[in-house]
Every structure is written in C-alpha cells, then in structure tokens.
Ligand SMILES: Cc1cc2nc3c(=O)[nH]c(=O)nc-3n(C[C@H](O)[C@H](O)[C@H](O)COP(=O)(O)OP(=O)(O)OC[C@H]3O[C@@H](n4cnc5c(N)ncnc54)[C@H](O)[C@@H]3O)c2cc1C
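The chain that follows stands alone, in the form predicted on its own, written as structure tokens.
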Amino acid sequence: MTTGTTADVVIIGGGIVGCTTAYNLAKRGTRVVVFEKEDIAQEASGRNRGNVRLQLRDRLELPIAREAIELWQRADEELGMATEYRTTGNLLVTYHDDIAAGFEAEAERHRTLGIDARVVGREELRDHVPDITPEIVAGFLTTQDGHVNPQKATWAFATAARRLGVEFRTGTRVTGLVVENGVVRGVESEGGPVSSPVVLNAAGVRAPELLGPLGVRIPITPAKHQILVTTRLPLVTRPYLRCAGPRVSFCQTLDGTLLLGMGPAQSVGFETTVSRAHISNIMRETIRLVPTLASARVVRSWTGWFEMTPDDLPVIAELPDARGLFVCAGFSGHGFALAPAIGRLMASLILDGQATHPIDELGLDRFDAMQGHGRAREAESVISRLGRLTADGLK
C-alpha cells in the first residue's frame, strides 16, 4: 500500500462498539483511527431504545451484560458527559394464565444466576405501570436492568475517546482491507490509506461487505424494526415494559417521551420504509396494554436494523488467516446494552491477546458446524425465547 497515515489500531465503524473500543484502547495509550462512513451513531447505535437488561440473556452474554451494567452505572462520571443511564427494571407481562404460570420458574432460574427477579401479580402491576389494563394477569420483573439514551451515550464515548487522542474520520468510507502474507497491514479509504498492524471491523450490519473480497463469509443480515416517539407524558411506566404477545414494548425516557415498538424484527434486507400498517399495529397494541395512551400523540417514527446472526450471538474473533484483523459485530439487537464491557473486552483482546470474558464459542467457525440448523441451545423455557428479537410473540 502507498505511504499514508499510520496508527496502532484502525477501527471501522463509529457506532457504540467502535467508540467504546476506541475509548478503552486510548486509555492505554494506543494510537487509534476510527473510520465512519457517515457520522457517529447513525445506524443501529442511534436507532434503538437503549434497553440494558440482564433479563432472558443467553448464557454466553450474561457475564458480559453483568459487567456492562456496572460500567453503565458509572459512565457519566467517568466520561464527563450525560448518557442518561438509569436503573429502571425490566417488566415482561402477559394476558394469558398459561404463560404467567411459567413466570415463577423463570424467576427462580434467574435468581439462581444471581439476578434479582420475581413475579408481579395483578395488584402490584399498577405500582409499576399505573394505568396498565386489568387484562394483564401477571408480570416477570428483573430489577437491576436499566435504560440509556443511545445517541447521547455513543457521543459521550466518542467525545471521551477524542479527548484521549483518538482520530475520528467521519464521512469517510473504508474501501478495502490490506492483507499481505496472512497479516493485516492497514486499510484503503476514500481519504487515503492508513497503515496499521491491527484493524477491527466493527461495522455492524455492514461488516460482511469488507470481508467478502478476502473470501471470508460472515453470516450477518439486517432485520428491520420500527420505533414511534410520543410527546412528553406524565408517568406511564417505571420499568422498561414488554408484552409476551403481541410483542409490543416501550420505555419512558428521562424527559417523559415514550419510545414504542413491536416485534418480531423483519428480515427484509436493507429496506427502510416506515410502514403505516406497522405504526397502526404498534399503536393498537400499546393502547390495549395501557388504555389511557389512546390520547397520546405520536410525533415521529423511524426504522432501524438489528445485525442478526443465525444463533443471535455476536462474532468476536481474530481471523485465523489474517493476523491482526479482528471482527466484533452481529450482536443481534443486544450490542448497545453490552457495549461498555465489549469495549474493555476488545481492548484486552487486541493489546493483551486475552479477552476479559470467554469468547471461544463466538468465533466464525461455529457457523460451519451448524449446516443450516442453527446453534444447539441448552433447554430453554417458552418464555426465554423472548430474549431473541426475531422470535414471534407468545399467543
């Protein structure tokens, strides 16, 4: 490659994973250049609802999620900027007695994992959601979960990284990876080449595009979701509220607006059209769940993508045929919640050769063994399916 800028690490992607990793690398004195084809937090990192949960986590994600919550709790002080993180809890509710009958076993399973979880009966439900419909028969509450402002949080990590010397090249697309004799040498970009012994592909749903020319297939595909935003409202819900089916869910932000959505996410490629029919479905089921919201006014809507893998788990690995080339993508809608811990994990993996949490089962080779059948999962309850964002609702 031609002579250009040099860096210790190049990161592709200015979303939350790229920014938290850049921040943690820079804390250890690493010279980092981050490429972002648009601006910070323009795709998945700016188009989610900031749900940070332990509830219904996969066993491989749970240790990372625990650390992430601890890091979110002190992020404002550490970064010197507001992320609006709050401990809110996460409340899963149902209209159906047979689903509610499974809540206690699921709560007990969570307690054995050290998560504060319990069943919430009809009367107590109103302590958490004052105007919830009496049709809801019970809820499953985990109290340690929280909520963060996705845009503010991503920018806070990016700003803190800049203060430590990280160079962000926004509006600049990486056009190719430079690999010679099985070793990464840097990247080519619209702004010229950058030489580096380490490159991290943290491009989210776009991660596969750069790996294709190297003959590397990474099964990450987009799944579209849609979010509605209301005007500011008095207290509607204290916890993040989710329904087992239909899968409507919403949270109330620090300024009182509601962020509304309904699953499952749709596998429609990179199509981004706002669906009027889906807006109607979200509003109908939201009003059914909390009837007083019939008078709430929706002021805007947007679509976003989850970066899905066949087993709903991320790819975190150094590529075996390209030493120094790392991938951290495919979080299947869970990346924002995990991001502070993922940033520490990746910095440790890159600089020390050892991740802070086990990642052996998160490599690319696991997909070879699937042969189209999906990952063999441990026995799970019907309710635990709802940790997966593409799963249908119950009932």
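These numbers come from a predicted model, not from an experiment. When you see a residue number, it is the position in the sequence shown, counting from 1.
Keep in mind that the form predicted in complex with the ligand is missing from the display, and what follows is about it.
Contact with the ligand in the predicted complex, judged as any non-hydrogen atom within 4.5 angstroms, is confined among 329 to 337, 357 to 365, 25 to 33, 61 to 69 to 329 to 337. Of the listed positions (91, 244, 203, 187), a single one reaches within 4.5 angstroms of the ligand by any non-hydrogen atom in the predicted complex, namely 203. Every member of the trio 38, 210 and 306 reaches the ligand in the predicted complex with some non-hydrogen atom inside 4.5 Å. For the chain shown alone, residue 284 is not a contact residue for the ligand in the predicted complex, no non-hydrogen atom being within 4.5 angstroms. When contacts are judged by a 4.5 Å heavy atom cut-off, residue 128 does not count as touching the ligand in the predicted complex.
Interface residue remark: residue 225 is counted as part of the site for the ligand in the predicted complex, having a heavy atom within 4.5 Å.
Contact annotation: residue 344 falls outside 4.5 Å of the ligand in the predicted complex, judged by heavy atom distances.
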